[in-house]
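A single chain, nothing else alongside it, follows as C-alpha cells in the form predicted alone.
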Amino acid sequence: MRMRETLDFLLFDWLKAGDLTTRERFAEHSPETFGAVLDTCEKIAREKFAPFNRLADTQEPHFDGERVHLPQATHDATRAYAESGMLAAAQDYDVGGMQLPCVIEMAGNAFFSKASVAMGGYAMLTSGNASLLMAHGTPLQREVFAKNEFAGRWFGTMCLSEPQAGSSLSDIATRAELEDDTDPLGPRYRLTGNKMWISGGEHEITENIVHLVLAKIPGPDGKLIPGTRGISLFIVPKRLVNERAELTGERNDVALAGLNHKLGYRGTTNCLLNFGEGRFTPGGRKGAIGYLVGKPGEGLRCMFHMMNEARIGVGLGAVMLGYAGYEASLDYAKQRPQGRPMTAAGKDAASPQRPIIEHADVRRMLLAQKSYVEGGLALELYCARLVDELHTGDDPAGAQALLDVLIPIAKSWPSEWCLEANSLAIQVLGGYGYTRDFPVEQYWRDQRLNMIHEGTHGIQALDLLGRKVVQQGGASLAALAARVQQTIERAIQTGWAPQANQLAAALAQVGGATKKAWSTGEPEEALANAVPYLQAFGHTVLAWLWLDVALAVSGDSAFAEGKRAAARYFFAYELPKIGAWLDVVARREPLCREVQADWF
C-alpha cells in the first residue's frame, strides 16, 4: 500500500486530477471512478503479473523453428489486461474506450510496470500502435486494425530500427514498392528488408500481430531517397486480413530470423524480422504486403505522434522498476539484524544486533532511492497531466512548450537514476542482493534497457540541448523557468526558503550554461557535452518537483515526514552535483570531441 498512498497523494492532492472531471471529455468520470480504475489495475497486477515476474525471466521465449513459446502465465496476464479495457483506456467511448485522462491511464499502468515490466510490454506497444492508427489511419484502417488491437484480439509492434542503422533512421534500407493503390485497406505495397530489436515481434499470444513498419518508397530513378524525407509508414500484418477484419488464412511474408537474448526484460520477445525474403508468398509471390499509413514521406511525422506518451511510458516503467527495488530493500533493511550501536566507549558485543535500517549509511541509501523513485513518479505524472492539458485544457500551446522541454527528461532521468536506485537496492541487501534468491538483481537487469530504448541517453541529450531549449528563441525553456519561479515564490514564504534560494541559483546556472554552450554558434562545440547538460537539467527539474511536492504535504504523519525527508535529501545530496556537470558545458570542454580514435 505504500506506493498506492503516494500515487493517490500525487494524483489528487498535488496534481488535482479530480478537477479534470469538470471537462467535457471526462464529465462522466469522478474521483471514485478514477480510484476504481486504479483498484482494478492494482488487483490484476498483483494476481496475474507479479507472481510470474521471475518465471517470465527464467523461462525465456524460445523458437522451435516454427513458433515462439512463452510461459502460459504471459498469455493469462496479457488476456486479463486486455479484458480490463486498459488497452483502450484513453480512447473515445465509441471505439470501446473509457475516455480516461492520460494521467490516470499512466497511473494505472504503473502497477503493471512494477509487477512485471516485461510482461506488460506487449500491451504498451499495442496501445501505442493502435493510438497512432486512430490519429493517422483511414477510417477502414482504424476499424480493421486499431479497434481489434484495442479489443486485445490482435497485438501490435513498432518496427523502426535495422541492423545496419540502429538509431539512425535516415539510414534505413527497407524498401516499399507500390503494388495496388486502390486496395480498400490503403495503397498496397510490397516490402523487403530487415528490422532489428522488435519487441513483441513474434509470439502466439494473439491470433495476429500488426506491425507498423518504417520503409522507403524509391524515387523515379528506382533509388531510395537519402535522409528521413523518404521514410513512409506501413501496416504489415503477420497474417493477412480482409476489410471485415477476418483472417484470410494466408500468411504474410514476415519471418522471424531469430530472437535476441537479453540481459533483462526477457519476458518480452525481442526479434530480428525479415520482410519479403520469400519464406511465405502471399498472392503467390514474395514480398511482405503493407498498407500505407498517411502520405508517402510522412512516416516519421506519424511515428512522432506517439512519442510523448511512449517516452512517458518508458520513463514510468523505469520509475516503477526502481520503486519495486526500493520496496524490496526497505523491507529487507527493517528485518535484517546486523551490527551494534557505536558509543563513545565502543561497541558492546553483548548487546543485541539492530536492524540495518538503523545504520545511517543504510538510511542514506534508502533515502536516495526514495528521492529518485518518488521524484521520478512525480515527474511522469506531471508530464501525463500536461498531455491532458494539451488535449483538453485552455492553454494547449503552453502545455506543448513545457512538454517539449520535459519529455527528454521524462524518458532519460528515471532511466539513469532509478537504475542507480536499483543498484543501491542490491547494495542494501549485500551479498544476498547479488543472488537470484531475491528479486533486486532482476530489477537491475530489467532496468538497464531503459537508458537505451526509445532514444538513448545521448539522443535525448542532443534533442534537449540541440533543439528543445533553443527552439522559438528559447520559448520552452522560458515556459519551464516561469513554472519553477512560481514554486520558488511560494516556497520562499515558508520553511523551505533555503531550498527555494538553492533552486533559484540552480535555475540561473542552467540558463547561463545554455547560453555559453551556444555562444560560438558551433553545434559541435555546444553539443559535445550534451549528456552532462541533460543530467544537470534533469536534476534541476527534479529539485523543482520535489519542492513543489513538499509544499503540498501537510501534517506531521510518518507519510508526510517521509516526503519532506526525501525532498531535503535531494537538495542536500543531489542538486549540488549540477555544478560539475554544467562546468564542462559552459566552457565547452573540447576533450571528448578532440580526442583521437587511435589514442584509446
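For every residue, the number given is its place in the sequence shown, counted from 1. The structure presented is a predicted model; accordingly, all values stated were derived computationally and were not measured.
Not on display, but discussed next: the form predicted in complex with a further copy of the same chain.
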Can any non-hydrogen atom of Asp13 be found within 4.5 angstroms of a further copy of the same chain in the predicted complex? no
*a further copy of the same chain contact in the predicted complex: His261, any heavy atom under 4.5 Å*: yes
| query | Quick one: does Val584 come within 4.5 Å of a further copy of the same chain in the predicted complex, counting heavy atoms only? | reply | yes
Might Phe63 be said to contact a further copy of the same chain in the predicted complex, defining contact as any heavy atom within 4.5 Å? no
Open item on the list: When a further copy of the same chain is placed as it is in the predicted complex, are Leu367, Glu524 and Phe600 each within 4.5 Å of it, taking any non-hydrogen atom of the residue?
Closed with: yes
Assert contact residue (a further copy of the same chain, in the predicted complex, non-hydrogen atom within 4.5 Å, options Ser199, Ser423, Thr514, Asn148) equals Ser423
Exactly one of Lys286, Arg153, Arg301, Arg340 comes within 4.5 Å of a further copy of the same chain in the predicted complex through a heavy atom, and that residue is Arg340
Note: a further copy of the same chain not shown here; in the predicted complex, the stretch from 504-512, 187-195, 353-361, 302-310 having heavy atoms within 4.5 Å of it is 353-361
Of the residues spanning 505-541, the ones with some heavy atom within 4.5 Å of a further copy of the same chain in the predicted complex are Pro523, Glu524, Leu527, Ala528, Asn529, Val531, Pro532
